[in-house]
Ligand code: MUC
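Heads up, the chain below is alone and in the form predicted alone; it's given as structure tokens.
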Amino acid sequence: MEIASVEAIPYSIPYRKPLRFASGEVTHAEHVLIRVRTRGGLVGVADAPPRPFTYGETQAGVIAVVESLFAPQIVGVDADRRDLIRQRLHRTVGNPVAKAAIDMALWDVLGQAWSMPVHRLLGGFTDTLRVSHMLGFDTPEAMVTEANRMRDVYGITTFKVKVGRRPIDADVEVVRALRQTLGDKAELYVDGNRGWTPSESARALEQLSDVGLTLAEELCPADDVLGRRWLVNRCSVPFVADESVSTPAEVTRELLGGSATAISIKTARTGFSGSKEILHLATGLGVEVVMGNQIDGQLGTACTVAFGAAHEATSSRAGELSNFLDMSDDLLTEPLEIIDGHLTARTGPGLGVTVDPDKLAHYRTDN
């Protein structure tokens, strides 16, 4: 299983509509396909979705670090030497998405070599997850319409509502409209993407105290250290750290410092190996976790459901697995299907997915 090459292929697929939230707006999936080949002919794949407004990575930056630093350090190494490979990648600081994609592509290779699905390799707790859908900024009417469509067509009853606009009244109105329309059986939680101050966040949560929210995520920046601790102490539901916990050390800092009481795990950010470390840290400290979404396409979503289904803690909540529905197209030969509000991990060896060469040729941007 000696690694023969690591490719970084940029591509761009438009979304049907822009996804807007407090820290930015996304109109195209400008991602990088990572492809790891072994000398024995195995090919592992994963998706690297750069988020410059969150982690500082860009599409060009991912390609540059993979081609100039990461590939030369791991070509010639056996794919099953995961810790050695991680040690070499982590000599370079930052670049979480690039590192994560290489890690997951290697797990894909291992699953193929050992004739086992990745979700079984990782833990094998179950093979399916309930789905949560993320609702981006829009009018109350448009967001209610989208939620109704997701419920009626796909059976989704859990919704993550993007908040963080000023004044807070617009988002309060949206959440109330969603609760009134969807009823008490729907699960609603909010994500501010660091858009509010601690005091704005507290006022919004107070105004929504009767709506039945289940989580509150990154309502204000973690860098507002004292303000965030003050807010978390006032919060009656688990306060989820997301952008602020891209490493196990940051998870420790936020939890022990009183700045979070739950953790969002994103395989696009920490791969499978790093996500396992974070999961074990969180469960060891007795805090809840949720499988997050980095505005993933179907390949990234296949990775998220594989990890989420593999473990008891990550499968107990709905995972954020539906944003690929907003893309105008995708790269996989066999599309993922959300049925009755659930998404099932692929049963084939590795990730069980195949990239369509014609679609990749059409959408790649380095030709």
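Quick note: we count residues from 1 along the sequence shown, nothing fancier. What you see is a predicted model; the values in this text were computed from it and never measured.
Keep in mind the form predicted in complex with this ligand is missing from the figure; the text below concerns it.
Next on the checklist: Only one of 82-90, 248-256, 178-186, 159-167 has heavy atoms within 4.5 Å of this ligand in the predicted complex; I'd like to know which.
Outcome noted: Residues of 159-167 come within 4.5 Å of the partner.
Item to check | residue 294 within 4.5 Å of this ligand in the predicted complex, heavy atoms | outcome: Heavy-atom contact with this ligand at 4.5 Å: present for residue 294.
Checklist entry - Should residue 266 be counted as a contact of this ligand in the predicted complex, where contact means heavy atoms within 4.5 Å? => result The answer is yes: residue 266 has a heavy atom within 4.5 Å of this ligand.
Next on the checklist: Is residue 144 near this ligand? Define near as a heavy atom within 4.5 Å, in the predicted complex.
Outcome noted: No, residue 144 sits far enough from this ligand in the predicted complex that none of its heavy atoms falls within 4.5 Å.
Checklist entry - With the cut-off set at 4.5 Å between non-hydrogen atoms, does residue 21 touch this ligand in the predicted complex? => result Judged by the heavy-atom cut-off of 4.5 Å, residue 21 is in contact with this ligand in the predicted complex.
Next on the checklist: Please tell me which of 213, 110, 74, 134 lies within 4.5 Å of this ligand in the predicted complex, judged by heavy atoms.
Outcome noted: Checked against the cut-off, the match is 134.
Item to check | 298, 315, 59, 54 - the one with a heavy atom within 4.5 Å of this ligand in the predicted complex | outcome: After the contact test, the surviving option is 54.
Checklist entry - Going by this ligand in the predicted complex, which residues of 163-200 come within 4.5 Å of it through any heavy atom? => result Those in contact are 191, 193.
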